[in-house]
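One chain is shown next in structure tokens, namely the form predicted alone.
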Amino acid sequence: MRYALILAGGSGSRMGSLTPKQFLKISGIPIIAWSMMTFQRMNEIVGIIIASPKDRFPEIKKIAEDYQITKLRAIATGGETRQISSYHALRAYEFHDDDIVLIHDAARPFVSEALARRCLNAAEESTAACAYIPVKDTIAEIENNLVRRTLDREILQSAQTPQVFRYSLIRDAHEYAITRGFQSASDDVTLVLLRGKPVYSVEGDYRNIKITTPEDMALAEYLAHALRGEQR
């Protein structure tokens, strides 16, 4: 079985809003609802699990009701870090070892069905896959305001979500990290690599932006309008 885990446990402090960014609206739709609706439409996905601050559980349930998200199976309590939120989501439902779990950040509302399928199919064949996009700018390593070196952008790519894994693999990777006191991984791929397991790259999508700052909201509104035009 294939499941989508949406991580919405963050506070969104860089957004400068009292409301966590995943509950802000783009074109009148809560950010988290966009990916919920995408996974709801996909026949491959049989269930959706969400990690969220506990005080937002009623809001998650209301969004699911408003947007007819019938695949919602569980809501997990978000943790202090993304890694902990992901682990809580992995433990919130009775998965089988051979299940495939797609882990996605709620702050990426424009994940496409095509991208999700590419990641799912790659993980089915390899047990672990993640979406990446080539960087466009030259990347510099800077320390104490001094440029130490520039990096070869030909071999650099930016990680996105979805990140998709065989359940037994990602559960083991999380538990391995916890036993070693490591709880601040910025994504789940980091944990699989820490465990010494391979992860395969999948072509990402430049429209699959992550909303982090107020400036991102203006771009998100533009993308929402464009994507709706394509769907007509």
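Predicted model only: the values in this text are computed from it and were never measured. In this text, the rigid core denotes the largest set of C-alpha atoms whose superposition between the two forms falls within 1.5 Å. Heads up: residue numbers just count along the shown sequence, starting at 1.
The form predicted in complex with a further copy of the same chain is left out here; the points below concern that form.
S.K.: Mind checking whether each of Thr150, Arg153 and Leu223 has a heavy atom within 4.5 Å of a further copy of the same chain in the predicted bound form?
M.R.: The answer is yes; Thr150, Arg153 and Leu223 each reach a further copy of the same chain.
S.K.: Thinking of a further copy of the same chain in the predicted bound form, which stretch from 156 to 164, 83 to 91, 113 to 121, 67 to 75 has heavy atoms inside 4.5 Å of it?
M.R.: This holds for exactly one stretch, 156 to 164.
S.K.: Which of these residues, Arg207, Lys61, Arg171, Arg195, gets a heavy atom within 4.5 Å of a further copy of the same chain in the predicted bound form?
M.R.: The option sitting close enough to the partner is Arg207.
S.K.: I'd like to know if Val189 sits close to a further copy of the same chain in the predicted bound form, meaning any non-hydrogen atom pair within 4.5 angstroms.
M.R.: Judged by the heavy-atom cut-off of 4.5 Å, Val189 is in contact with a further copy of the same chain in the predicted bound form.
S.K.: Heavy atom to heavy atom, is Val199 within 4.5 Å of a further copy of the same chain in the predicted bound form?
M.R.: Because a heavy atom of Val199 falls inside 4.5 Å of a further copy of the same chain in the predicted bound form, the answer is yes.
S.K.: With a cut-off of 4.5 Å between heavy atoms, is Glu125 one of the residues that contacts a further copy of the same chain in the predicted bound form?
M.R.: Contact with a further copy of the same chain, no.
S.K.: Just to confirm, Thr19 within 4.5 Å of a further copy of the same chain in the predicted bound form by heavy atoms?
M.R.: Residue-level check for Thr19: no, no contact with a further copy of the same chain.
S.K.: Just to make sure I understand: among 127 to 145, which residues lie within 4.5 Å of a further copy of the same chain in the predicted bound form, judging by heavy atoms?
M.R.: Going through 127 to 145 in order - heavy atoms within 4.5 Å of a further copy of the same chain in the predicted bound form - the hits are Tyr132, Val135, Lys136, Asp137, Thr138, Ile139, Ala140, Glu141, Ile142, Glu143, Asn145.
S.K.: With the core lined up, does the C-alpha of Thr150 move 2 Å or more between this form and the one not shown?
M.R.: Yes, its C-alpha moves 2 Å or more.
S.K.: Would you say Ala140 moves its Cα by 2 Å or more between this form and the one not shown, aligning on the core?
M.R.: After core superposition, the C-alpha of Ala140 moves 2 Å or more between this form and the one not shown.
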